[in-house]
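Heads up, the chain shows up twice below as structure tokens, two forms, tagged structure 1 and structure 2.
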Structure 1
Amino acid sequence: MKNDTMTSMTTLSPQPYKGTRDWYPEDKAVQNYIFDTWKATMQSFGFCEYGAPLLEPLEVYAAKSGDELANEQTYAFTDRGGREVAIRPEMTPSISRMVAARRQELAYPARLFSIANFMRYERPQRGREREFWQLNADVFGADGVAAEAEILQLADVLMKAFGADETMYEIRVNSRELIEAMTRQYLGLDETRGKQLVRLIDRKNKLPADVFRASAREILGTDENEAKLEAIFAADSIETLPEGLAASDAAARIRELFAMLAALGISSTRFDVTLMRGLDYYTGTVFEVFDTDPQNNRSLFGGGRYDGLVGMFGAEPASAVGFAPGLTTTELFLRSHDLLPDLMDGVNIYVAAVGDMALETFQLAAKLRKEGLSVESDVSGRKFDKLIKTAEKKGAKEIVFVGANEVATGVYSAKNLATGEERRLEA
């Protein structure tokens, strides 16, 4: 009977759920380093940390995040109370809801940040996972170009906090107001076709050139519009945009933004008329930070202005601007530029029992910890060479053996595992 039970048991896979990852100590050390750097930088700008629920009503995302995110990428289900809920795929709707709930109590500008995990059901690939961690940085109640300049300054400082210089990354900037002027006034598209064009341009670099041209032709409708779009794509600055766009109010605000960034000494930014940012809720400046390494030439994170979300929750509207760097893309950037420090710092002393000395080993370890040292105990009773190999593998700096003679005299020898030198230790 016992054998039948054993053979009928299913062997479980040791692998994590597809698109997620396990965090072994060496991985956790990298995660903590990135999180600590994020947190210190945010606090240096006066941001306060908050937390939000893992679950939200599905309607929170369906209302403003866009059909692809709400309908195709969200982990959604009906809970036992019959409510349609979702595991959060992003933080912006949640923090907007929280601001709306305390709209009259918060001090503005409200600078808020969180470091949290999210889930999206999409195809896992390098730099993109189904469960992902990111920093969420948002400023509420700050209008105008100055707020956008500050958030871009923060993004630039955040990159430099990891030791990056401005040759390693580039911040590309555009404006949803300019995009609206381009699609509605300059190209004469209705709202539906305008949104279609925005989504198409957002995927431009992921599509074959002929597929993009054919799709654009279908949306644009005329040869004249196709020529206008080509002229727009040829612009590498505000000044080289077609005259009808370069003279717009939206273009004037971008000029003001770049003037402020230059005065702040930020030279990593450039105008990119093709930058769309796919989420529907953006209303003003949008930007993305790109890695310039040819081996990791990708968008690292992005953000922008979104002034409409707080008002959706029944509160007085509040302007907002923010961004959200991801953990995995940040790690890839640091690795591609060799910016990760040595993070696996082992214990100061590895205290190992020789023979039946478990209690005495624990007592010595306790005394050493009171002196401010990090100490790991080993009472396995293994041979000297195996104890030394284990201590080396764990990254310990010194090893101390606890035997009968050492206990009797109260004098121990601490061996440096890197140099082999020994020093006298009394306890």
Structure 2
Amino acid sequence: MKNDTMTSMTTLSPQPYKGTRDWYPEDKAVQNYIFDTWKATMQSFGFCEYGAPLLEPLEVYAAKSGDELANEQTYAFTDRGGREVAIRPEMTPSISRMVAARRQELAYPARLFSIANFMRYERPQRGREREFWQLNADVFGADGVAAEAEILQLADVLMKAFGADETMYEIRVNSRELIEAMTRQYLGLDETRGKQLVRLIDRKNKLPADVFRASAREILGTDENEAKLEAIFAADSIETLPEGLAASDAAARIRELFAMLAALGISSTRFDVTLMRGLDYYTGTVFEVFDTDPQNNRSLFGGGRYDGLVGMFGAEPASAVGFAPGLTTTELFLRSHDLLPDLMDGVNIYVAAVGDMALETFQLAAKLRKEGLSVESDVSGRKFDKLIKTAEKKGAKEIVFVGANEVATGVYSAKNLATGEERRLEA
């Protein structure tokens, strides 16, 4: 396209699409730091990286009937061949499909992770973007409390890998089975009322106390049940659960889990009976990592044991434990605790031509690169001060000028842009 065609047209907006970000080098460096830290940690636990397509058939998400994700938040459309598709709003259906397609060939427990982007049509706000990046970590085919303990250990290590300590975050843990035991056996609610209560408790912190109490009363029916619920909320550890609930199998399993976590020296986990985390998705332990900074008091990510959805794709079902930290919430956490290192890393040497020395500049640059250095060459022919300014702005460590004299003698001077020191360079 030629310039004249262009300038005759309406000017287009230089802003990115609503709810998405442009990742300029300084932003991309933060993204890469977080991705690299995730990746190294996952690999140290023997997780293998995978990737999945950007699009999936819409029905994969619609299958989660009633889920506002498929109906209101997907970027769904019909492709040029008439297929209804969606830009992935999450990874679980894709990785479940991939496991289903190789259900017999894979080695179990299968430890898998990916770092990918997703899109959801939501109102953008601090910590929430329409295009967002997530680490997805899942273990397929590992049953029992031990697998849940290990995934919690991994979540804890993942936070520490960024230099965080236990004062900065807290991992709240509950169990879907315990929630079930609470609503059905302990409180004696039917399935509908049980689900209503779970939904209500899930929103407890967002509701005024009296609204919560009135709604709870309506669901619970009796004074006795109200008192029982109070007793549950009073439990700040697995040891102080009311007797009727403490005796359940679910409580025994979560006690086993906490005993294991203690033995592993993990002190960031805390039992939280009010943690609901999704309605129908999870089947066992659930957890959520919270930032303890009052200025950034948000959920960082969550996970737990869930139905791996593998059966949905015609394969033998396989349960999974996993979690999915987001890039943006992680970045906000690191910023709120001042944990981001200095990441902008310019080249080792900025080689600048003095006048018409392009070829000689490229030759020197090639030589220095062969020594393992990163080298940017500048053959713009600009003046010294302009070249130095550009090299500084780009974060280069040293600058070397290539002029007639240097080329003739083969002796160059490398000037440190931070200290001003010069060193002799022979080439």
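Reference numbering: structure 1, starting with residue 1. If you superpose the two forms and keep the largest set of C-alpha atoms that fall within 1.5 Å, you have the rigid core. Please read all numbers here as calculations on a predicted model, not as lab measurements.
- Only structure 1 of the pair represents the form predicted alone.
- With a cut-off of 2 Å and the rigid core superposed, residue 182 has a Cα displacement that reaches or exceeds the cut-off between structure 1 and structure 2.
- Relative to the superposed rigid core, residue 171 undergoes a CA displacement smaller than 2 Å between structure 1 and structure 2.
- After superposition on the rigid core, displacement of the C-alpha of residue 226 between structure 1 and structure 2 amounts to 2 Å or more.
- Core fit done between structure 1 and structure 2; CA of residue 239 shifted by 3.5 Å.
- At residue 214, the distance the Cα travels between structure 1 and structure 2 is 5.2 Å after the core is superposed.
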